[in-house]
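The data below hold one chain only, encoded as structure tokens and taken in the form predicted alone.
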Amino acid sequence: MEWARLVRTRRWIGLLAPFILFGFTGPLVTRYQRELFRNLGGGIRVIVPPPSVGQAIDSYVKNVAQIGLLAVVAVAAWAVAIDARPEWAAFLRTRTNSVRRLLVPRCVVSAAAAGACFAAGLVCAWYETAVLIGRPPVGAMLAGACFGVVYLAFVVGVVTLWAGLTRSAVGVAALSLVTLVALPLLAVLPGVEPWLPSTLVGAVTSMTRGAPWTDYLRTAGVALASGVGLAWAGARLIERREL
């Protein structure tokens, strides 16, 4: 039913579109950035480094870390904020004795759809980079896709926690975005960065430049465990909330 709701409401289009768009345009812009600056620079000389595989993949990652993340948070917020409409919440709660039975499919579908869209966009970026610049390492791309999926599962966990703290779907989305944007700022503290789930965002870029995938196993474990824990906490808060 959750898959049907995602498809019939056309939300999947808004979720998939930014990943596919940036998957194709990121490497394209990286490949022809010299020509673009030359034509649009107004006579100003701009020195840019030669396009590389790492730059092309990084262009995709940076774009989806902004617009793509916004789409994921919006879709997940509207799915898990079951108390946003009191009449709909009353209808759902009277047909089950456990709120977690309502939330688990919504969280799983949201995380799976977000991960699939990220992977699809990465495949597009992989193809464009291979055609225009050079072939990215296969192992790095596969591992990067897995780490990206884990991070997006953590994102859904953050959204679910805020759904337990506020009723409005718009409020859930806004507070989740603030949390996810602020989280990387903790990297300024010594020794914290390897534990931050947000580190997984740039994992695929680092691995295409030679970083070993084992460097991110600890971070992936923290992201997965904390995502599940946050989703569980959000479900408990929603379960205890009165309509």
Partner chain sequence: MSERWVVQTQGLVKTYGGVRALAGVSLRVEAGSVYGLVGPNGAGKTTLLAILAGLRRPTAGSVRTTVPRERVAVMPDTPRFEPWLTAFEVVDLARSLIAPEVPKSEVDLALERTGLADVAGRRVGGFSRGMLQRLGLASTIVSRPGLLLLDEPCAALDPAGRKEVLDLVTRLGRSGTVLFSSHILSDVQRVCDTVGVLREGRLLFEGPIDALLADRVRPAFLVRLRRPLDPVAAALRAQPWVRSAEMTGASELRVEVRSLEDGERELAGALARAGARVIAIEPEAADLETVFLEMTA
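Numbering follows the first chain given and starts at 1. The structure displayed is predicted, hence computed values, not measured ones.
Missing here is the form predicted together with its partner chain; even so, the following discussion is about that form.
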item	value
In the predicted bound form, the one of 92, 132, 165, 170 near its partner chain [non-hydrogen atom within 4.5 angstroms]	92
Residue 100: touches its partner chain in the predicted bound form, heavy atom cutoff 4.5 angstroms	no
Distance check, residue 9 to its partner chain in the predicted bound form, heavy atom within 4.5 Å	yes
Non-hydrogen atom within 4.5 angstroms of its partner chain in the predicted bound form for each of 1, 4 and 88	yes
Listed range touching its partner chain, judged in the predicted bound form by heavy atoms within 4.5 Å, from 67 to 75, 100 to 108, 124 to 132, 141 to 149	100 to 108
Members of 186 to 210 lying within 4.5 angstroms of its partner chain, judged by heavy atom, in the predicted bound form	none
